[in-house]
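We begin with a single chain expressed as structure tokens, specifically the form predicted on its own.
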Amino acid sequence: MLADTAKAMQRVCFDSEPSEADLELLGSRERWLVYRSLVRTRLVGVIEAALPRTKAAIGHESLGRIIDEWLSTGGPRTRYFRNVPNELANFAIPMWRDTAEPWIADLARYEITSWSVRHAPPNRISDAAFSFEVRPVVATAVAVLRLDHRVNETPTPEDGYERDPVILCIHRNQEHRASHLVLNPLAADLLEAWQRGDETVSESVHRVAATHDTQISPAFIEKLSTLITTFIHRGILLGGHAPPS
């Protein structure tokens, strides 16, 4: 009986239209309709807060329809309110990608990644200064995002974005907001290697440079030093862990 009641509560809150049978089972029909409205309004509110430009691009009604469709599959699985937009995005982005305007999927990916970075857990602690002989420690609030459209450029054009691939490093800044850097493919591969943290900086630099058929020349070292300085200044690189002895 308790399981049946719980399922009825879920259906009343998340089905496109609550059934009279479920409302009768739960009792107090008007109270449950008010509760349904409150639950859905709060979920829609946090989704719109995470995806404001996506909402503006596709329109309030279109976003509302896809939220309804997602809710009808059972609603959020997460315990954490801040993760609700991520679940909606995982549901909707494949649909938006398979349309005449696939840049909307990239815009949603950019916004949901920025949202996730803002709400990422605290940083890990490094036990050594950054150097080429340590395993690097990268901030937790960092993501490398490869996009087919430069949706990071604002404002959104009225006719959308033409295909123009870009790689972004999205990170949480000192104001606890998401910021981004444009990376070239080699820099992106280096940052992802440093996020894994299973090689020393020197090992990862040599491996990634070889993958890109790039010579470690004085010019390369100068550009690498500038990249590392930028990462440290922005709080992307935090230090390192000494390799095990």
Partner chain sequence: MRRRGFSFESRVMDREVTGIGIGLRYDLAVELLERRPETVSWVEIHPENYVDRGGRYQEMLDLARRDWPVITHGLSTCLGAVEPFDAGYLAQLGDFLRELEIPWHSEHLCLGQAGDRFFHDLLPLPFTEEAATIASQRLAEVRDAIGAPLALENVSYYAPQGTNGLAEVDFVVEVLERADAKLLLDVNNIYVNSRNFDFDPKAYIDKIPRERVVQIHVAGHHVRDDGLRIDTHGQPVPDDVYDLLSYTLQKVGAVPVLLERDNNIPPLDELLSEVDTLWSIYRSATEVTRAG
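The model shown is predicted, which means the values in this text are computed figures rather than measured ones. Numbering follows the first chain given and starts at 1.
Form predicted in complex with its partner chain: not shown, discussed below.
In terms of contact with its partner chain in the model of the complex, the residue from 172, 135, 109, 149 that brings a heavy atom within 4.5 Å is 172. Of the listed positions (28, 215, 211, 184), a single one reaches within 4.5 angstroms of its partner chain by any non-hydrogen atom in the model of the complex, namely 28.
Though the partner is left out of this view, residue 120 does reach within 4.5 Å of its partner chain in the model of the complex, counting heavy atoms only. Heavy atoms of residue 94 never reach within 4.5 Å of its partner chain in the model of the complex, leaving it off the interface.
The shortest heavy atom separation between residue 51 and its partner chain in the model of the complex exceeds 4.5 Å. Its partner chain in the model of the complex comes within 4.5 Å of no heavy atom belonging to residue 58. Looking at 100 to 108, 72 to 80, 127 to 135, 151 to 159, the stretch with residues near its partner chain in the model of the complex, meaning non-hydrogen atoms within 4.5 angstroms, turns out to be 72 to 80. Judged against its partner chain in the model of the complex with a 4.5 angstroms heavy atom cut-off, the residues 163, 232 and 238 are out of contact without exception.
Residues of 36 to 69 lying near its partner chain in the model of the complex, listed in sequence order, are 38, 39, 42, 43, the criterion being any heavy atom within 4.5 Å.
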